[in-house]
Ligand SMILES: Cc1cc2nc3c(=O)[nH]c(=O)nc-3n(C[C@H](O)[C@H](O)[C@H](O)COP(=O)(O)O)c2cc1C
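As a starting point, one isolated chain is supplied in structure tokens, in the form predicted on its own.
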Amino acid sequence: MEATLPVLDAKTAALKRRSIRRYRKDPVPEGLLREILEAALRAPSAWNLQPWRVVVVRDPALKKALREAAFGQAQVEEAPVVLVLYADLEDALAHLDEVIHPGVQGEKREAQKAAIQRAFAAMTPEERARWAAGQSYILLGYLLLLLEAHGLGSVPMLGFDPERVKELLGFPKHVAIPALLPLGYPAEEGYPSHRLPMDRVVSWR
């Protein structure tokens, strides 16, 4: 039933969104998840590298193990779905032909590939991982708005043991994990938004 509800516009979703930690048992249709992910993956990234990757976790046993890796936070196990957002810049750099626009060809294409490789060759593996994680937060923002727009609650989580999550999901050691994102149909309203006034954080020059 929820999948047929009107989709909120971006501004309404942004103003309405709250962090939700309790969810109904209703499953989230796979088709709806695919629709949201398809739209979220239009998020921009530097050089269009798209270093983000997403694992959609619905298996109860794996959610239980992820809860333990998240220091016992109940929403990880109780949410119908948990998205594990991770960043793998090494994979992106190894497949530059997948991300460089097909309209860029010949010498210009080779020059663009060389420029990207030079830029990251100067970084340590840790710096590359941090860079990719920063880019992946752009995708996270898109996901939060799209989930709200489609009537789903969510809560971005940074409180977890990344090394344990890597072990559970078989990730390479070099990846970064910006967030876990439990989601589902809300079973609570959540706290009303409490934000700093615009003049506190925005200046005009």
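Keep in mind that what you see is a predicted model, and the values were worked out from it rather than measured. Quick note: we count residues from 1 along the sequence shown, nothing fancier.
Quick note: we don't show the form predicted in complex with this ligand, though the next part is all about it.
Partner proximity in the predicted complex, defined as non-hydrogen atoms within 4.5 angstroms of this ligand, places exactly one of 28-36, 41-49, 168-176, 151-159 at the interface: 151-159. Residue 135 falls outside the set of residues with a heavy atom inside 4.5 Å of this ligand in the predicted complex. Taking the partner from elsewhere, residue 11 is found to have every heavy atom lying beyond 4.5 Å of this ligand in the predicted complex.
Contact annotation: residue 22 falls outside 4.5 Å of this ligand in the predicted complex, judged by heavy atom distances.
Of all the residues from 167-205, those having a non-hydrogen atom no more than 4.5 Å from this ligand in the predicted complex are 191, 193, 195.
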